[in-house]
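Taking the form predicted on its own, here's one chain by itself in structure tokens.
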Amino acid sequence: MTTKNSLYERAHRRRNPLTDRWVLVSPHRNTRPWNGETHRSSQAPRPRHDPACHLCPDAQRATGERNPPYTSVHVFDNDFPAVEASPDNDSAAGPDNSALFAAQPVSGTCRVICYSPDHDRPMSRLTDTEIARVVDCWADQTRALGAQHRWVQVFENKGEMMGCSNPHPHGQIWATDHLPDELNVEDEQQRLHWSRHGSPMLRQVADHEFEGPRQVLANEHWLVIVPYWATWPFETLLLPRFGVRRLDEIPVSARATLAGALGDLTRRYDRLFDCEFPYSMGWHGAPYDGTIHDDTHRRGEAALHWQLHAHFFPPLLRSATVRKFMVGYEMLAEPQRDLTPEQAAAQLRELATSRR
């Protein structure tokens, strides 16, 4: 609990232990008048099936290929992948590969996951059973792609505000032969914590935050918090309450409760400002190459410092039409937020989550 004139009521900085970066917290700024840009919220109902949608069952995609009449989760290779399989990568770096102008070839696989055949039902409107099928798909895809690639990124961009190009509820998987920058940082910080404390960082975070002021929801196996170091106004972190490094290692019993936690959280988001809440979310788990952690370990035995987790980064600040912009000071100095994580968690925690 905070008291008047406490640190949490004044401007202060908080450190993110996963990245060793800081965020400026300015609790008083959320009361300032807003005359800036507002986003026109699109609340028009969507049809159950849209024949013009490239992701709906039996629809023709932009490449001319036709989707099957799928009735559950559907996965296919992205028609416009950000990275592609390239067996002849040696010449891809170009002539200016130097200390100042470095480049390196990349290869990988990009896939799309349609959560259900229904065009009008995002994750918040799926049943727990339907969400469990998505979880199983995540696990199957990461296991298969992890056998060939160093890193497998499961993510979802939801809503026009987050740059989603198609409203049909779907996510993506990008698997690459390199470990992306953000994961290099998380790997290093978690490994450092392990060496100092002998326990995974995020296991300790989950134990500390359970039933605390930043908890949003919890069940038998999973915990959702607004992290102490959150950057986005209603950012959340989904954590297991047991040791697990990757999506494909989640036991069957915990997959069912994960589906419940995902449905609960996304419904809370929708109810916060009474809209289909936009966000970017993604899973971070141990890479599928043990040699980047310890050359003496075989694959699957390394990465003991890792704990699986999912980040949710929603942009809305005050309402369905006012978003947080990362500009100016945020781009040039460090991120800044306008309400404390404790205040954000309290708002999410108090929401009822029955399906609409």
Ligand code: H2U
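Residues carry their position along the shown sequence, with the first being 1. Just so you know, these numbers come straight off a predicted model, no measurement behind them.
As for the form predicted together with this ligand, it is not shown, yet the points below apply to it.
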Candidate stretches 44-52, 60-68, 322-330, 305-313 - the one whose heavy atoms come within 4.5 Å of this ligand in the predicted complex: 60-68
Interface residue in the predicted complex among Q190, T142, S124, N157, criterion: non-hydrogen atom within 4.5 angstroms of this ligand: N157
Option touching this ligand, based on a heavy atom within 4.5 Å in the predicted complex, out of L238, L272, L217, V112: V112
4.5 angstroms heavy atom contact with this ligand in the predicted complex for Q204: no
Heavy atom of H170 within 4.5 Å of this ligand in the predicted complex: yes
Contact of E182 with this ligand in the predicted complex (heavy atom, 4.5 Å): no
Close approach of E249 to this ligand in the predicted complex, 4.5 Å, heavy atom: no
Residues in 164-203 with any heavy atom within 4.5 Å of this ligand in the predicted complex: C164, S165, N166, H170, Q172
